[in-house]
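Taking the form predicted on its own, here's one chain by itself in structure tokens.
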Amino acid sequence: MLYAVKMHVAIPHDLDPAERDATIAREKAYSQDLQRGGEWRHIWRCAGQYSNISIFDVESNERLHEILWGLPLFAYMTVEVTPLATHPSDIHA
């Protein structure tokens, strides 16, 4: 199942800098492991924002939920999930 997920991050300005850096490092490692495993297929930065648009290829809604809730920065995110379906005009479909 394919999903487009927009994630906007808003880390509090008063968060301890060491905690901020450690959380960002854990986030990077977590996301890169999922990319290597094939579930996090693509990630693009939204220019001018602390946001990304990502494509996930997972077995179920529950798996996507598990992945998103496991993000170390999840507590500081606004997340929008859009399920994707093949378009009938896609020449590669």
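Position 1 is the first residue in the sequence shown; the rest follow in order. Worth saying up front: this structure is predicted, and the values here are computed from it rather than measured.
Beyond what is shown, the protein has a form predicted in complex with another copy of the chain; the following relates to that form.
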- Message: Test of understanding: in the predicted complex, would A85 fall inside 4.5 Å of another copy of the chain by heavy atoms?
- Response: yes
- Query: Closest heavy atom of D16 to another copy of the chain in the predicted complex, within 4.5 Å or not?
  - Reply: no
- Item | D21 within 4.5 Å of another copy of the chain in the predicted complex, heavy atoms | no
- Answer with yes or no whether D57 is in contact with another copy of the chain in the predicted complex, where contact means some heavy atom within 4.5 Å. no
- Task: Determine the residues of 23-56 with a heavy atom within 4.5 Å of another copy of the chain in the predicted complex and present them in sequence order; the list may be empty.
- Result: K28, S31, Q32, Q35, R36, H42, I43, W44, R45, C46, A47, G48, Q49, Y50, N52, I53, I55
